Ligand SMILES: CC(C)(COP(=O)(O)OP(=O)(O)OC[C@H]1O[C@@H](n2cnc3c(N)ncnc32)[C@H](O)[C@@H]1OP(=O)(O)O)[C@@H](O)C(=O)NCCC(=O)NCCS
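In the form predicted on its own, a lone chain appears below as structure tokens.
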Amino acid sequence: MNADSPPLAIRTFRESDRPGVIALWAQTLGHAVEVDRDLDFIQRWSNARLYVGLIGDTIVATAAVGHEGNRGWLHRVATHPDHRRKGYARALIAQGEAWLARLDLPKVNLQIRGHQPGVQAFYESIGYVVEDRTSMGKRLVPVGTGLPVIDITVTHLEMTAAPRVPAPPPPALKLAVLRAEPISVPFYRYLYNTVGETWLWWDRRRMSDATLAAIIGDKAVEVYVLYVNGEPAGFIELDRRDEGAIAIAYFGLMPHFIGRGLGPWFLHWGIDVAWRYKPARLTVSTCTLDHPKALALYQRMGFEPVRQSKRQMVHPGHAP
């Protein structure tokens, strides 16, 4: 950045940045940019990042990077007209390139729409070259098509006294349950993503590392990992941040451990740990995206439905 330029703060996109990014892109990238699709996609997948540059609280520049396993792609580079030629775009691009380099991506590509010699000259000045390639594309989703939405019914359950359900017999396997304390964000994401992939767990995939770390790093949040023959088989997360109540925030098994009798035993184990704190109530929620036997299992363990709610979710597997 230029020495006389106002200092630029660079970080990854947060949901609260959406209005600022929309305003910037509307002013700078007028060629059919589908803002909501782009931002939802970037938040859903771990192989994409959107970097925003801020002066104070105002977003003045963006640069997005992503990859498909072989090479990176640079796109959505934008700088507010009042803040150009100050080195901001270079700084954001360098941030994205550094992230791709850490992933051992061998190169990064970009496309320039139409004939824009000034834009081409800018990229050449920072090391990009024109390659002998033919760029081709095929539109799979018409511009302006809404994202597919899933209707979800959530059942909220609770118990107000420790259950008298006898503990299910442990499977004849080498079992261990250990609390991950402290639990790192990468390990938590591994557990959450692997357990929840089939059931479209997505809320915490959208969270930034900092937001997620603040939750799982709270002393009132406990993550217990089930190990079978030495490898992680599932986890249960107890959230005690609500005074007088404990919530089973997440519970599940790795896909290859489902159907081996581990679920009832591990859930009963987690419920027993929760009741040692003597809460006024223990709660859990399940929805129509979860395992079809999840609701029946919770009821068998002593939970009773107290209400249902409806919500909608954009299908996380749908990419723009």
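Small disclaimer: the values here were computed from a predicted structure and weren't measured. The first residue of the sequence shown is number 1, and the count goes up from there. So that the term is clear: the rigid core is the largest set of C-alpha atoms that superpose within 1.5 Å between two forms.
One more form of this protein, predicted together with this ligand, exists but is not displayed; see below.
Practice problem: Using heavy atoms and a 4.5 Å cut-off, decide whether Pro169, Val225 and Arg260 all contact this ligand in the model of the complex. | Solution: Checked in the model of the complex: no contact with this ligand for any of the three.
Quiz item: If you check in the model of the complex, is Thr79 within 4.5 Å of this ligand, heavy atoms only?
Solution: Yes, Thr79 lies within 4.5 Å of this ligand in the model of the complex.
Practice problem: Answer yes if any heavy atom of Ala247 is within 4.5 Å of a heavy atom of this ligand in the model of the complex; otherwise answer no. | Solution: Answer no; every heavy atom of Ala247 is more than 4.5 Å from this ligand in the model of the complex.
Quiz item: Looking in the model of the complex, any heavy atom of Tyr88 within 4.5 Å of this ligand?
Solution: Tyr88: contacts this ligand in the model of the complex.
Practice problem: Indicate whether Arg84 is a 4.5 Å heavy atom neighbour of this ligand in the model of the complex. | Solution: Arg84: contacts this ligand in the model of the complex.
Self-check item: Contact residue in the model of the complex, from Thr153, Asn229, Gln116, Ser184 (heavy atom within 4.5 Å of this ligand)
Solution: Going through each option in turn, the one that passes is Gln116.
Practice problem: Note which of Ser285, Asn47, Thr288, Thr28 lies within 4.5 Å of this ligand in the model of the complex, where distance is taken over heavy atoms; exactly one does. | Solution: That would be Thr28.
Exercise. Given that the partner is absent here, state which listed stretch (174-182, 157-165, 216-224, 122-130) has heavy atoms within 4.5 Å of this ligand in the model of the complex.
Key: Among the candidates, contact is made by 122-130.
Quiz item: Does Pro182 count as moved between this form and the one not shown, where moved means a C-alpha shift of 2 angstroms or more after fitting the rigid core?
Solution: Pro182: C-alpha displaced by less than 2 Å between this form and the one not shown.
Practice problem: Would you tell me if Ile10 moves between this form and the one not shown by 2 Å or more at its C-alpha, with the rigid core held superposed? | Solution: Where the cores coincide, Ile10 still shows a C-alpha shift between this form and the one not shown that is 2 Å or more.
Self-check item: Rigid core superposed: Phe235 CA moves 2 Å or more between this form and the one not shown
Solution: Where the cores coincide, Phe235 shows only a C-alpha shift between this form and the one not shown that is less than 2 Å.
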